[in-house]
Structure formats: structure tokens, C-alpha cells
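A single chain, nothing else alongside it, follows as C-alpha cells in the form predicted alone.
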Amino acid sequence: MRLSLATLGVLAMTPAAAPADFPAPDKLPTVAEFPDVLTTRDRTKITTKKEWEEKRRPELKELFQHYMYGHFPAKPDKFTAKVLFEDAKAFDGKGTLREVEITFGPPEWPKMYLLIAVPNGKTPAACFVGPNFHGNHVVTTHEKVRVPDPKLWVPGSGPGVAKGTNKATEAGRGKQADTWPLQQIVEAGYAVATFYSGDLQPDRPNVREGMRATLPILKGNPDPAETATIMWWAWGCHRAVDFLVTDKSIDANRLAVVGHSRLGKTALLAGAFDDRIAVVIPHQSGCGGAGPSRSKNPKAETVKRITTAFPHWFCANFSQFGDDTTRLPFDQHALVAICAPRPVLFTNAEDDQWANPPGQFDVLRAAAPAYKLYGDAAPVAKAIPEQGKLSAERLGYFVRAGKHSMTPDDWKVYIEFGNKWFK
């Protein structure tokens, strides 16, 4: 049963330009190639870092909210955290594992459960943070890690989920440990924190649950820029950061956000909208993430396909560009540019053309002008690196053999990139 708004309260949104300031999607001009990231809506050419930060960067954030991801929710006034358990002898004694219950907003709002692994004797440590698909219990065999409440919806494809139930069970414990290889990360000297994305917003449309239930229902004319699911997940990454910057075992200046597939889209958006995140790593994120909307790869997912199959990931305005992406007043290079001057790493697999690896490299190249404003004359490689070789420029790129997955070998690349940029 959905809680009433009177009970929940209504989450305030970050102020943005009024809807009247934005043309309807079909009224926007056609731009065949990537729009120039340094040219504003009023055709002003940005030439300095000051102009970028004061005019173009905020403008791009407003455009992404209105036409793609929905409103960026405000930060809660406060949060509370409760440690559910702590094991200081985890990972063969090499690290400490704990799970933290985070409460924000009214007590009836969803709670978030953050699983944190920290190397012993090497703190404060740089930390990778990001959402997982099926619950914290699937990434470790540790018996004290919480299984999501049976009342909380989880994907039916998840390990240990009985057919037709959408309920997490003990049978899934540790079955996806390779996706977030906690011990491997800890042994490399890094901390890692992850949470179930469904804690914030379950991944299904047409159900007003999770954080979506905190929004007002507009009679007659639904808001076409209402906060969509990917934005909620990104907002959840920010709430994880709220806690991590208070944790003395974590180096608040060395946080990297990581996500795979749709959660890779989430990682890129989270990094763009939170400057506390120092490194951004969207893995195989494809269309709606690191992949261009103006795709030239016939094997890649398209805006029309993704907004038809997963309309809840984006706000309603974005679906109107499915038949003509040239009317988008931005492309994904602009989301990367918002991250400047922070390092961003795109990682992919050769067989995963659905995620558009070559198109993602084009995105990095098109984002480079914003990075050059900060004094990096060569922020991205001149050409796609050979398979299996990391291009570790500030705008990094890596493609391996294989398919759509997140593996321990991918984490070796994240760690290598972190080793360079967290010095």
C-alpha cells in the first residue's frame, strides 16, 4: 500500500529553470552532430573556466533534468546511521566488513543499507561506491549481511529469487560475489561500499513505491520532467557519500563511483551531479549513459528502444526524442563535461556492441574541450586503445574481450585507474 503524501511529506526539488524556459521537444532545433559543449543556449561561446562554471555547466544540468533524467531531488536536511554489524576480522583478517542502516527524511521513507569493506591498517582509504542489482547479500557469503525485506521488490532474475515471487532469499547469498569482489578490492588497499538500488527505487514502472511515492501526484497533467528512476538511484549514491564522508576509515577526498549497465548510467549521472565524487566509472552503460544518443553504430541500443522498454528510467520528455535524437539540445558528452576536471573512465567489452563501445569513445572526445579549460591539453587518447590496454588519461577508456558483465578483471582496471588518479 502506498503511503499518503501527508504521511511522507513531499521531497523538495533543486530549483531549476521554469518549464516555460524550455521549448517542447518537437520545437527544438535540429543538430545532426554532437552540440558544441562550450556553446550556450543563447549561442555564447564559452572560453574560460569561470564562464563554464557560472553559466554553461549549470545550464547543462538544467537541460539534463528537464529533457532526460527528471528533477534532481534536494539533499535531505539530515540523516541518521546505525551500524547493524561489524566484523573486524573479515577477508582472512585483512579487512573490516560492516553494514550500516541509513535513514533520511521522515521515518516512513525507505531506508538504505550500505555494505562497507575497509582494509585493516590502511586507513583512511580511497573508496569505490555504487549500487548493486539484487541486494547486498548476493555479493558476499558473510552470514550477517542483511537479506532485503520480503516486502521489498527485487528483480525476478536475481539469484535465490523463486519464480514469480520477486522476493530476495537466503539462497542468493554470495551468488554474485564476482561482481563486487570485496576481498580483491580490500587487498588492493581500497575500501568499497555498495547498496541495493531498490532500497531507493525498485526497478519497475507504473508502481508508485520507494522514493517515487514521496512525490506529489499532479492531477490532469503529469510532470513530464518528474524525477525518474536513474536519477533516484544517482541520488542514492549521493546519500551513500553523505555517510562515507563522515566515516574516519574512508578518505573523503578519494571517492570513486562505479556502476554496471543501467547502474553505470546511474554512476555517470551521480558523478556529474556531486562534486564530492573524485573519479567516475560507468561500466558498459550504453544508451542513456556513456553511449551517445546520436548513435552511428547500427548494433547499439537506441533512444527509441530504451525508452520503449524501460520508460521509467528516464523522464517522459526523453521518450519524445526517440524518433529524432537530433533535436536533443545535448548529448552524453555534455554529461561527461559536467564532471570536469575530475577523471572519468569508460569501460566496455568488445562483444557488447549494444552498449556502443566505439560511440562511447566519441563521447569522451567530444567532452574534451571542457577539460581543456582546466589546463589539461590532452585529456583523452587520440585513438581507441587496443583491446585489453587501459588508456589512463583523465578521460580514460578500456575495452576487453567478452560480453556484458562486471568481473574481477574489470575491477583490476578500476583499481589501476584509481592508482593513477588517487595519488
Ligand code: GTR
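One rule holds for the numbers: they count along the sequence shown, beginning at 1. Here the structure is a predicted model, which means the values were calculated and not measured.
Below, we turn to the form predicted in complex with ligand GTR, even though it does not appear here.
At the 4.5 Å threshold, heavy atoms of His404 reach ligand GTR in the predicted bound form. Shown alone here, Asp178 lies farther than 4.5 Å from ligand GTR in the predicted bound form, counting heavy atoms only.
With a 4.5 Å cutoff on heavy atoms, Arg294 does not count as touching ligand GTR in the predicted bound form; it lies far away. Heavy atoms of Ser261 reach within 4.5 Å of ligand GTR in the predicted bound form, making it an interface residue.
This chain lacks the partner; the member of Phe330, Phe133, Phe91, Trp109 within 4.5 angstroms of ligand GTR in the predicted bound form by a non-hydrogen atom is Phe133. Listed residues Glu226, Glu301, Asp324, Glu187 were compared with ligand GTR in the predicted bound form; Glu301 is the one with a heavy atom within 4.5 Å.
Only one of 248-256, 262-270, 167-175, 336-344 lies within 4.5 Å of ligand GTR in the predicted bound form by heavy atoms, and it is 262-270. Each of Ile306, Phe310 and Trp313 places at least one heavy atom within 4.5 Å of ligand GTR in the predicted bound form.
Contacts with ligand GTR in the predicted bound form, taken as any heavy atom within 4.5 Å, map within 345-378 to Trp354 alone.
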